[in-house]
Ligand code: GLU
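First, one chain by itself in structure tokens, the form predicted on its own.
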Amino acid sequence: MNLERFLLQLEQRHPGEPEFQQSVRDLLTSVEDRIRDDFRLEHAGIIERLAEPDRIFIFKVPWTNDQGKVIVNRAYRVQYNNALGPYKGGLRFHPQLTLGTVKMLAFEQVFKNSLTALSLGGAMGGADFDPYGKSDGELMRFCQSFMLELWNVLGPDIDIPGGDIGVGGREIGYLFGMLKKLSRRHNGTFTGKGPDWGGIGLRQEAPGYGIIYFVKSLLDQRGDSLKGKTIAVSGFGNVAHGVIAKATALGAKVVTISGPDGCIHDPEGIAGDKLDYLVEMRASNEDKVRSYSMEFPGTAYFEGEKPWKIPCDIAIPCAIQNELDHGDAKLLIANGCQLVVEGANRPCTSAALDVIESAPFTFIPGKAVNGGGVVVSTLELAQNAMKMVWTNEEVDQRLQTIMQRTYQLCGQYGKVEGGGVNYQRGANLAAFQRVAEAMIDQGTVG
């Protein structure tokens, strides 16, 4: 197969979707040797099949605001690939959400789930709905209308949504309540449920904890630790919160957070009451971080800026895709950063990755480290099926074990000449291998 010709054809088939195009390009070019050396892949059309989602649902969501006016949003669900198990992926409510972004996230989810070695396929969905500033009644009416269009293509053995940006425990409750009403079933179709009705402990913390457990495994192998490390984090949502909490518990100092309005530098580190305040900020329904600097003297607020100018040992972008560009990458190099870890889905732009490839620090891609949410979601499904409850300690131990195994897989598949490890190639190759073999085993429809 001429991979470059195929990728040009992909751009023609999916115009106006640069995020999706780049995601496919990055994965396929990193495993090009594997594609070229195995004639079975071309014979079975594996690459062509992986470049197209299984199916896409696009639908309108009409809902009534508190003033009685009907508002209409556009919504999506991309069921991308289920070779390894039922579709699994989040729902994102964000005003800039597009089909191209959802396809990119669903494609990445396939391989992120594969890398955990769990029996899950990949999907993603959401709507161009802005939850910030909405009343509980408006959120409930939107979620109920959303579920009216989607409920009959979901199920514990079909497609299992969970939360993502703009979709937390409150929204999951409204979505699941409507699904339960329509399907007349109380089952594991959703993850992120409340702890009293099928949920699991550490669900909100899991994505951030998983990232830090991967980093810990890497540092342990090098004879190093998180103790005394300075970490720059972007965002202030669940992922950032989990990263900050676990990194701090292991002796690191996290000195930044960020939002759409700017970033915060806290030289003393974010811990204790400051960490609790992040929860209050999210609960205020204002996607801003400025109030942090007013609440805690000695901290600095930089309006309209990102945190990557702050010197750090480890940078963990946890907010949204394409938030770290080539200029940011150069700043990190100049300030002596040793490790860049993608906490969000593809937060580094292609231009940033070009800089990072020649940089003197280690880069860990998102699909390698941010599977913690999926891991705990799978534990939630298992808990539901067995009608039992695990303690937080049991959940945490299982999460650590799976993230350590993911680290080992990335290292095994990412070995390069000279004894180093390319973790991006290792993650892509390990994940691709498992999906491709399952598709071959299941024939042309698998």
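Residue numbers run from 1 along the displayed sequence. Since we're looking at a predicted model, the values are computed, not measured.
Keep in mind the form predicted in complex with this ligand is missing from the figure; the text below concerns it.
**Q** Within 4.5 Å, heavy atoms only: does residue 81 come near this ligand in the predicted complex?
**A** Taking the distances in the predicted complex, the answer for residue 81 is no, it never comes within 4.5 Å of this ligand.
**Q** Quick one: does residue 234 come within 4.5 Å of this ligand in the predicted complex, counting heavy atoms only?
**A** No, residue 234 sits far enough from this ligand in the predicted complex that none of its heavy atoms falls within 4.5 Å.
**Q** At the 4.5 Å heavy atom threshold, is residue 163 in contact with this ligand in the predicted complex?
**A** Residue 163: contacts this ligand in the predicted complex.
**Q** Given that this ligand is not shown alongside this chain, does residue 264 nevertheless sit within 4.5 Å of it in the predicted complex, heavy atom to heavy atom?
**A** Residue 264: no contact with this ligand in the predicted complex.
**Q** Just to be sure I understand the contacts: of 101, 189, 345, 116, which is the one whose heavy atoms reach within 4.5 angstroms of this ligand in the predicted complex?
**A** Of the listed residues, the single hit is 345.
**Q** Which pick from 175, 374, 341, 312 sits with a heavy atom within 4.5 Å of this ligand in the predicted complex?
**A** For this set of options, the contacting one is 374.
**Q** Between this ligand and 30, 365 and 428, in the predicted complex, does every residue show a non-hydrogen atom at 4.5 Å or closer?
**A** Per the other structure, none of 30, 365 and 428 touch this ligand.
**Q** Within 4.5 Å, heavy atoms only, one stretch in 319 to 327, 265 to 273, 141 to 149, 366 to 374 touches this ligand in the predicted complex. Which?
**A** Looking at the other structure, the answer is 366 to 374.
**Q** Relative to this ligand in the predicted complex, which residues of 102 to 136 have a heavy atom no more than 4.5 Å away?
**A** The stretch 102 to 136, when checked against this ligand in the predicted complex, contributes 109, 112 at the 4.5 Å heavy-atom cut-off.
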